[in-house]
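Heads up, what comes next is one protein chain in two forms, each shown on its own as structure tokens, labelled structure 1 and structure 2.
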Structure 1
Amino acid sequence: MANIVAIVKMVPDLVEELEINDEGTGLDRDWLRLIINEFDNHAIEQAILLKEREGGEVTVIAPETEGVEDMLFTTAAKGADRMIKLAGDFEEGVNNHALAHAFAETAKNHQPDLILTGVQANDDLDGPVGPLVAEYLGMPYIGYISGVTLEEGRAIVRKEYPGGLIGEMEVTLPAVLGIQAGEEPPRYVAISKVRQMMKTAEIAEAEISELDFSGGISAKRMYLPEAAERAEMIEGDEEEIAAKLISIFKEAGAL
């Protein structure tokens, strides 16, 4: 029986029309709709599949943001045993080092055999949280995973490579895995079952000792794509086109 922890977060819903704040340095969060990160949703599905196949418990940990309680109750309806909300000032965003520290601080209290998280998120796209959690907890990390099998004291994982290649690796537990896709698509649960969980399930809160907002990437400017002023079609043979391009580059200061 495995003790599995899934660490997840909420991200902007890209279906919505995103607006930029007055400072021009980020998204306007006053009207921002948040949903569970797609890859984290696959991590939850993989965790529940392992529980159903191998036995054990699944704990889902998420930072306190708008909509997180509905998301956590949904994971309970899918089969998660324990839901934990990280209480802290996460609404305005927090850098991934601080977020990973918060996840690691809470996850270690549950002595997990396996920690699953999405391989990346659509608000940063560089996937640092999983490797950072592994570093803080002294565990191995493997990313881009599309399947997991547990054996005594170890996991056999299928890692995706470009070009459709799949590698099979063995890792000693406890370990952290970045999930690219669960073995099955995230399951659908009826809203009636979620509402039932809202009445019967409980969400625990974990106070975070400190959130360090320094050290993250800061955006100097964010803006919508700007329309080009003009387009010029260059005609002639190769030499004429090349000469015209060199002239344009010089005028633009590129040469």
Structure 2
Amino acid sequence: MANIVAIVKMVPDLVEELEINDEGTGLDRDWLRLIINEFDNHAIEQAILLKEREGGEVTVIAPETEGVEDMLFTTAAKGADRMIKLAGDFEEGVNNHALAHAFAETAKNHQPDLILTGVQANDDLDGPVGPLVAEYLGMPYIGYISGVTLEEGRAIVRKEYPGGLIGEMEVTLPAVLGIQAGEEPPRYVAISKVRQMMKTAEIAEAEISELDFSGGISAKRMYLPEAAERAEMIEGDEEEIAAKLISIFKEAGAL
């Protein structure tokens, strides 16, 4: 039996064209579509897998941004027991330090044995959120995790290193883990199940009145990568492109 908390957030969907706001200091949020951070999704999967294997409860906490309720109901449909929305000024985007304070404060109340979160997110600018939460709660942190086994008072985890090397680590509980990949890819939940949850499940709110930005940074300037460095584009229809590619292959000595 383990009490597992998953802390997750919504990030910009890279499928959309990203634009910079007028001040040039951040993303133009009017144009953003937010989706769950891919690695947080793995963290949720890992949490549910652990629950299915060991029993226990899964609580999911996420800051209030557009689409967060749908996302939380989706996790409920996957098997999460409790969903908590951090209510506060998150819509404009906050740094991970402020977010981590809010997460830590809320997670604390649930006395978790294990906190799981994605190893990183595409909009992290002041480090990933997991280790910050760990430190604010005085728990150990290990990131780049792709496998978790729970034992009495500790967890055995698989930490990834470059080249496919795995470090098998032991960590005392409670702890925070940065999940790189769940043991299984995130599962599919049918929309009817999610809709069912929308009718029956409840999302609790945790009021975060004061955001604590200390330690985080805010970018002086944001911009799209400069075009000067770009590749030479090969144009034409498929036959022409194929022919050009072949001549490049030849030049490179590949044929």
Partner chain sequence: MPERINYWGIPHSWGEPELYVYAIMFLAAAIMLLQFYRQASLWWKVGRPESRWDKLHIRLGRLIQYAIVQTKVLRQRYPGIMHAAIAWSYFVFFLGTALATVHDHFFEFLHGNTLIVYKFTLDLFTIFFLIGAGMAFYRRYAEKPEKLTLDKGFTWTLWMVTIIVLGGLFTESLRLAVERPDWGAWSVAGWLLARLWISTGATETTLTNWHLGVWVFHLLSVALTLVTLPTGTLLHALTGPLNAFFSELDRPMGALAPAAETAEGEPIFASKLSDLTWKQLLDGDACTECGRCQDACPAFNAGTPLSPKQFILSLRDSLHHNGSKPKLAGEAIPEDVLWACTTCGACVYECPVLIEHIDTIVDLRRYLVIEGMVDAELQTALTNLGRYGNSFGKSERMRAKWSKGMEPKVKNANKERVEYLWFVGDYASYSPTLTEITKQTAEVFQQIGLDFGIMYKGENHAGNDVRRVGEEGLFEMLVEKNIKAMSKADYQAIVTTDPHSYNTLKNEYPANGGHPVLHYTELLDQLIASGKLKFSKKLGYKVTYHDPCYLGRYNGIYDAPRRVIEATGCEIVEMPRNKDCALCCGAGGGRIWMEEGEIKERPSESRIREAAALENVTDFIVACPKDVTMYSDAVKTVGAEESVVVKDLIELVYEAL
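From a predicted model like this one, the values you see are computed outputs, not experimental measurements. Between two forms, the rigid core is defined as the largest C-alpha subset superposing within 1.5 Å. FYI, numbering is relative to structure 1, first residue = 1.
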Taken from the structure described, the form predicted in complex with the partner chain is structure 2
Can we say the CA of Leu14 moves by at least 2 Å between structure 1 and structure 2 when the core is superposed?
no
Once you lay the two forms on top of each other by their rigid core, how far has the C-alpha of Ala243 moved between structure 1 and structure 2, in Å?
35.5
